[in-house]
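Shown below, as structure tokens, is a lone chain in the form predicted alone; questions about how it binds or moves come after it.
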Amino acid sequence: MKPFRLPSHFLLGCASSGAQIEGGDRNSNWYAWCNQGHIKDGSTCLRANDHWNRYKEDISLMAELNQKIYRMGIEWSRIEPQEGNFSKEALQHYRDEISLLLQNGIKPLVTLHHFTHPLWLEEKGGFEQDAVSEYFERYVRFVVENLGDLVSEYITINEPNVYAVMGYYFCEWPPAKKSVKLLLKVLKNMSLCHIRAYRLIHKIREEKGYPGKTMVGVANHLRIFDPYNKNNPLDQLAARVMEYLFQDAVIKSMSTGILMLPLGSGAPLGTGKFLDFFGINYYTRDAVRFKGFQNTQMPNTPRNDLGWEIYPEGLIRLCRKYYAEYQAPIWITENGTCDKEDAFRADYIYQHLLAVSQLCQEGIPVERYYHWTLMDNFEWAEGESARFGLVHVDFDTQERNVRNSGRFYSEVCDKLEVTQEMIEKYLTSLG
């Protein structure tokens, strides 16, 4: 291990989503899904971290850990609990939370859709219906008009490819409808939702003269797809096809307005550049076999608690590729690992930030890094069993305790470097 520095303008913080930490919301598609017994450990997002009531405590934790930025989700199900009826109380709660972040010197990046939405929308068909872009635009308008004086940065949609694949192919998430036709329609509609929201956010903030530079983008879930056998041309072909179908087609559609096959064709809302930054959520690599069009893993590689390969070089490869294509500043909107014992999280952070420092030295404008996540939370189908937090949470008592990796990351956030002393203090004792 070697010391390294990050640029003086670089910003570090953490990311979360509303449904995974807030608790108490009985009005979302994921609350209904939990109640149907689909969560592996039997837990429910109704408990989560009780962040709705404990946000002051959690923001104090962020400040203690020297966080400069925070990617937070707001819940559509709270903001618009019934179709067309908006909750001033929920809006005020988010204003209070964001105001406290700003008072602590933490800049918010607000996610408008992070896998969850109101039950009334789910009952109408969610993102399967063409009218969803109108509903989404109405929701976005209310949020931006009422938070725009506090928030200048937005993610419209988090991981559209994951939402569609998990809900319409693997059927491990709501609405669990196995249909490639619906999957593609959902991705098309999400693309149109993003484009309309992107234009609207810029329009509202410009017309109202809200402060701050308007920054709007998507949190793209990106993976490395490598051929299982790099010398097998069929495995090479399968990896390229998988990469295009899982991520490149939807990214191109959302970023340019040109719908890519098989999502659609043409540019129904016109063409343009619909991103102010390129958001990357990166966790792992897949090894692809042509036989059975199968995703597997490279042999003899390090894995986390969920069996995902730990592959820091993938972050370098992805940033190089997508910066070359889209020429936009890169924000690492999620990166972290599942490590219940906190045995390798500090090393994981070190390795991925070392990759970021290399990219910055190359002149690629990686500007931010949001660690996933601040504290152990409700991790979708895995429930409370998958622990990604810098902070350990006892879900029964809601007690928070900072892990060793959290202390390490706190120092990195404060110093914008990893020193030899920090390596000896936090990393040399790791197995």
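Since we're looking at a predicted model, the values are computed, not measured. The first residue of the shown sequence is 1; numbering continues from there.
Below: the form predicted in complex with a small molecule, not depicted.
> Find the only residue in 136, 154, 115, 331 having a heavy atom within 4.5 Å of the small molecule in the model of the complex.
The option sitting close enough to the partner is 115.
> Which pick from 281, 247, 236, 214 sits with a heavy atom within 4.5 Å of the small molecule in the model of the complex?
So the residue touching the small molecule in the model of the complex, by this definition, is 281.
> Please state whether all three residues 27, 86 and 94 have a non-hydrogen atom within 4.5 angstroms of the small molecule in the model of the complex.
No, the candidate spot makes no contact with the small molecule.
> Can you work out whether residue 376 and the small molecule are in contact in the model of the complex, taking contact to mean some heavy atom pair no more than 4.5 Å apart?
No, no contact at 4.5 Å.
> Is there any non-hydrogen atom of residue 158 lying within 4.5 Å of the small molecule in the model of the complex?
Result yes; residue 158 sits at the interface with the small molecule in the model of the complex.
> Might residue 221 be said to contact the small molecule in the model of the complex, defining contact as any heavy atom within 4.5 Å?
Answer yes; at least one heavy atom of residue 221 falls within 4.5 Å of the small molecule in the model of the complex.
> Residue-level contact is defined here as any heavy atom of the residue lying within 4.5 Å of the small molecule in the model of the complex; does residue 372 satisfy this criterion?
Residue-level check for residue 372: yes, a contact with the small molecule.
> Have a look at 255-263, 281-289, 320-328, 77-85 and name the one stretch with heavy atoms inside 4.5 Å of the small molecule in the model of the complex.
Flagged stretch: 281-289.
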